[in-house]
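A single chain comes next, written as structure tokens; it is the form predicted on its own.
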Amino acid sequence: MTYRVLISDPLSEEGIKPLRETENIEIVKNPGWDETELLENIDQFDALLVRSQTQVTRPLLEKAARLKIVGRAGVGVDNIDLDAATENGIIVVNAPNGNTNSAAEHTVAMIMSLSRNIPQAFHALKQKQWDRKRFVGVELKQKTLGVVGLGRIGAEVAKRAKGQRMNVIAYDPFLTDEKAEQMGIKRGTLEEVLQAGDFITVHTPLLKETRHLINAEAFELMKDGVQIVNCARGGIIDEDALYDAIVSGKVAGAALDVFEQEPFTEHKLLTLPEVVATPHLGASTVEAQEIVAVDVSHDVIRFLEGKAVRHPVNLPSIPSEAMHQIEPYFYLAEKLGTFIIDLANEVISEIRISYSGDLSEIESGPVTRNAVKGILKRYLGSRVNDVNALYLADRKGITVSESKRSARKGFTNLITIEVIGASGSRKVSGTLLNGLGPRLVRVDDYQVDATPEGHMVVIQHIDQPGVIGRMGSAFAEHNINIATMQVDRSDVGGNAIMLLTIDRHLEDKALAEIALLDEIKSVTAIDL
């Protein structure tokens, strides 16, 4: 059988060489087709390769009767309707590793440009100004680089900084002391990294939790004269706060490759001589563009040959009978995962998922992936999905295991998720109840009964008279309404737990004040 592959965006010949060398693949290159032409012809192809120009929409995918796989030569898949692809049984793959080296090199180039004032000096020279004193720089040797986010690119930047004989301190929610020691760097909290860095570079995804992570309060924690680099995602740094920090002298310089709104040509940051900026060039090298095309070509070949792909973004379609049986548990598993990682609030090394009762008979793999997705999404955001959740857990050094028991334990079905970190283990259990839907039924060794949704608070305390009343008053002082409350205890006067649902998010200030109350051991806000 011959497979037809449509390439609808410009890709280098070297990048698609693996496809050309595969005997049963016919390549059609039509980067000039508009939306109408694509719609008219897409049903003739088994695979589609795109970059960012082609919009792979629901109408296009629904018209693609033969299409089995879409390959994105790059990382982002914003131009592909993933839900529509999944619904139509089309797998989507990308090339997440192809730009790692280029992005890391660009980051280091920006650090060096800052340290030696290279762009400013060049600009002055172009203006016929020979001014050596004005552009005296600093050495990187023995300076401290603070790395916020130690994924693929952050880790590569750290390695290169070590080559410049810099001291490196990094924060990442998945970084362990053992891993930091292996890399020859220091592990710190976010605050410790911000306080220690002479240069600070950010390499996190852009999530709700990381938007404006580097804000006015963060700048206050930093050394005077700190230098800031962002080659990751626009929005991680509050650009207005950065402007103010530079004008005040707190920040000596900033190098930016990404921005909240792109194209970025009018912002007041560009008026400052302390700012070095490039137009989102982190992955713009000949080599990176070639590597992503090669990577995605290999994955398309693997899939068409019936082999497992390396970088799936979505799930292939699941047979309707199996889907009908397991789909109701997807939501429950993901919410349990999010709940338990917020409750643990530390780097974890192991995830144990057990299925009891009727669940011991089902195909649990997709349910497990949803649970792991719920855990990892807190830190990795929307790039975690059902397909890549286990792969990303493995990349982060997290062991995932399953167990099944037919014993019902009082419920016809029960999912228990246990996460293990340096401080020990935390557990949560949930079930589906007829007529009530998903329910949280156990937190650690305490029995509860709550719907896993909205804003929740877990309070560990000593079982003493008046605790519940004082707690209610404390929430009232912050104008927070308690919708439901579940209470359980180990024994009279012993350890106890409150599980609250509240009407809005519990802000850090309110949480800290409530945690100071007598008999309170811990307060954890969980947003589901």
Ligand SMILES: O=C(O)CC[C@@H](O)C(=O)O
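Start at 1 with the first residue shown and count on from there. Only a predicted model underlies this, so the values are computations on that prediction, with no experimental measurement involved.
Omitted here: the form predicted in complex with the ligand. The next part is about that form.
Site check by superimposition: the ligand, modelled from its position in the model of the complex, clears the backbone and C-beta atoms of this form, with no atom inside 2.4 Å, and the site reads as open. The partner is absent here; in the model of the complex, the one residue of Val75, Val108, Leu390, Leu269 having a heavy atom within 4.5 Å of the ligand is Val75.
The single contact residue among Asn167, Gln289, Gln120, Ser429, judged by any heavy atom lying within 4.5 Å of the ligand in the model of the complex, is Gln289.
Using a 4.5 angstroms threshold between heavy atoms, Leu82 stays clear of the ligand in the model of the complex. At least one heavy atom of Asn99 is located within 4.5 Å of the ligand in the model of the complex. Taking non-hydrogen atoms only, Lys68 never approaches the ligand to within 4.5 angstroms in the model of the complex. Under a 4.5 angstroms non-hydrogen atom cutoff, the ligand in the model of the complex has Arg233 among its neighbouring residues. Note on the interface: of 281-289, 352-360, 191-199, 303-311, the segment with non-hydrogen atoms within 4.5 angstroms of the ligand in the model of the complex is 281-289. Interface residues of 31-64, taken as those with a heavy atom within 4.5 Å of the ligand in the model of the complex (partner not displayed): Arg51, Ser52, in sequence order.
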